[in-house]
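Given next, in structure tokens, is a single chain: the form predicted on its own.
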């Protein structure tokens, strides 16, 4: 594979899930029992041979730093390259960026110092196993200026998205921002490949002309002058666009077909914790659930995802719920369609319920 450097935006979509990003970045939102959202973008790059990844931060990134550590869990603890945390401002200003173009301007020094041929830009709002090396090969075959990865979707639940219209050769003829949705739509999944020097020139030109939107001012307005190509991704893709979508895609993990699509062929790496195995006390009953290490279960758990260190008391019945790390559920509790953030305490005999369209959310550190 041609040499490439990765750039991951950790905060770009924080407004999608304010409930879960209030104390953390979008990148460090927990998902699937033991992962964070950044694990998927980072693992896709590592599995494709990328050994240098810049992480663009903005705020609330302490949990992200704790999760990434030295990068050894992704084989990125390296003297040259590895994981490089990039600040939210450039050398010219102390103010954090307000849009993607300003964020890119802030990392031009990082891009200038690199020697790789290509840059892979990725956000953290999608869960998928993507072959980045294949996208780069496609980019080279088409001699493209920019290659955008898209996925065909029926329903869009987002305040901002790009819809792509490729022709038979794959060249993009139209880029629409938030169009009215009819049938299935080719939605850009916030992964792109472009030449490193080409990207630097785009950033310089955009800033010089006072442009503010990468999607509108760089992509949509230049479909005729730039060779934009679309790479169609046909695998499982979960766009985390809202709390309801987060809940829906979490529940999809209980389907073995979805788990195989995400975790079957290539590993998704995450921070390794040496926790004790989960303990099932006499009388515990668990059905169709993902249970992480370190849990203690005395009650009934059905169609749930339990993160590390969760405790479920005697006589409690937990259904269709996502229970995050170190949550303590007392005795005689009934939960249905509930999402708890970390370190929640639910005292004895509480009854809480939401529904598929609106799960009941309990913030981090709450006691009910």
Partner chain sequence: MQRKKECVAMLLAGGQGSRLYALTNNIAKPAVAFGAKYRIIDFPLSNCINSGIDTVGVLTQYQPLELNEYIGNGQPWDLDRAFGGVHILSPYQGKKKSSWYEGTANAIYQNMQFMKKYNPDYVLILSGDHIYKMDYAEMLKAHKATGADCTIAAIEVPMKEASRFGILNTNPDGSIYQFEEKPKQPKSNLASMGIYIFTASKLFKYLEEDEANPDSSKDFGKDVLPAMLNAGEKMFSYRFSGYWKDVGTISSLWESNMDLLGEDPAFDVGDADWKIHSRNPLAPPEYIGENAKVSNSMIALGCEIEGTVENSILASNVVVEEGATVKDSVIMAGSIIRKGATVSYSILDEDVVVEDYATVGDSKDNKSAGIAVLGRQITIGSGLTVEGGKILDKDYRGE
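All values reported here derive from a predicted model rather than from experimental measurement. Residue numbers count along the first chain shown, from 1.
Just so you know, the form predicted together with the partner chain exists too; it's not on screen, but the next bit is about it.
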Though the partner chain is not shown, can you say which of 208, 177, 85, 272 has a heavy atom within 4.5 Å of it in the model of the complex?
-> 272
Among 141, 75, 197, 267, which has at least one heavy atom within 4.5 Å of the partner chain in the model of the complex?
-> 267
Honest question, do 254, 279 and 293 all end up within 4.5 Å of the partner chain in the model of the complex by heavy atom distance?
-> yes
Within a 4.5 Å heavy atom cut-off, is residue 314 in contact with the partner chain in the model of the complex?
-> yes
Counting only non-hydrogen atoms and a 4.5 angstroms cut-off, does residue 286 reach the partner chain in the model of the complex?
-> yes
Answer with yes or no whether residue 298 is in contact with the partner chain in the model of the complex, where contact means some heavy atom within 4.5 Å.
-> yes
Tell me, yes or no, whether residue 30 is in contact with the partner chain in the model of the complex, where a contact means a heavy atom of each within 4.5 Å.
-> no
Picking from 322 to 330, 336 to 344, 34 to 42, 54 to 62, which part of the chain touches the partner chain in the model of the complex when contact means heavy atoms within 4.5 Å?
-> 34 to 42
